[in-house]
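Here you get one chain, nothing else, as structure tokens; it is the form predicted alone.
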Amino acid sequence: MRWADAFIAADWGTTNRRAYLLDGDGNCVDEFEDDKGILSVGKDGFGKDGFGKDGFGKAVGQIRERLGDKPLLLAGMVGSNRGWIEAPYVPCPAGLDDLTAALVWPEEGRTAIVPGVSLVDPDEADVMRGEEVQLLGAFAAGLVSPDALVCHPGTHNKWARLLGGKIARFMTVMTGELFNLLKGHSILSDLLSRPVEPDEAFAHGVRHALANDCLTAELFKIRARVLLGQANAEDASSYGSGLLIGTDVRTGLREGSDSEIVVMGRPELTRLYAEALRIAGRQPREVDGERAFLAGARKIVELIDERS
């Protein structure tokens, strides 16, 4: 059985999963996205044992019911210690060859889990799961240079340095999660409920973050500025997002501000980070994360076939 004749690639996260059916030419011919992330396994008829193997077996069977009885490549939190079977992290520097060599096989020859990547230094520790397929897939597809600095927005934003086409080092910034926590569980929640736009309020927040160090103090000022008539309440969400993303960008540029910068992910997020980088004086390129993920999955499948 050659995987490249047709296979399913799934990016299976904590709260959501996205699955794609790729044909023999590497084209995506069918796909779906739902809210059946790893935290839902064990619920809704997937099995009563929570994170037990039976629950994940049923969840995998559902993917095949929707897209076909094909080989299945799984990436993301499904390989974590809370997922189906843990796929140990591959340490930096890590390339697609390294990931393929470390695949974990819940069903031999039929289902494989991509390992995450870790950074272990004397004073640093960091991990990623799922982003590595996009980062290395973008390089394999020629979407980023072999020595790029890549910003990958999300709940936990990644700043990844590629060297020679491998993930050499990276840093995680909890910007997305922090914004969601502030929006749902803070004194700012009523002000952060509006949609975020890359408008002048957002730019103001970015510029302020680039010039000031104390984010926690600046966040409280969002409310104070509205109460004292210095800002409009309808601008608070974009301004607050600008503060957070501007701080994120200021931190990320320390990873190598002299190199090409690519912002990769979903367009609704990449546009905000790209605008913040432009305000910081850089000219980033945006790359669609789904396209990069599929490129990475195709390359891993090629390597599986070569090794079989």
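These numbers come from a predicted model, not from an experiment. Residue numbers here begin at 1 and follow the sequence given.
In what follows, reference is made to the form predicted in complex with a further copy of the same chain, a form of this protein that is not presented.
- Every member of the trio Leu178, Ala217 and Gln230 reaches a further copy of the same chain in the predicted bound form with some non-hydrogen atom inside 4.5 Å.
- Between 180-188, 139-147, 68-76, 101-109, the stretch whose residues reach within 4.5 angstroms of a further copy of the same chain in the predicted bound form through a non-hydrogen atom is 180-188.
- Within this chain, Ala236 is remote from the site of a further copy of the same chain in the predicted bound form, having no heavy atom within 4.5 Å.
- In the predicted bound form, a further copy of the same chain lies farther than 4.5 Å from every heavy atom of Ile85.
- a further copy of the same chain in the predicted bound form is not approached by Lys36, whose heavy atoms all lie more than 4.5 angstroms from it.
- Val127 belongs to the set of residues with a heavy atom inside 4.5 Å of a further copy of the same chain in the predicted bound form.
- For the candidate set Leu96, Val173, Cys92, Val196, a heavy atom within 4.5 Å of a further copy of the same chain in the predicted bound form is found for exactly one residue, namely Val173.
- Annotation for 114-128: interface residues with a further copy of the same chain in the predicted bound form are Ser118, Leu119, Val120, Asp121, Asp123, Glu124, Ala125, Asp126, Val127 [heavy atom within 4.5 Å].
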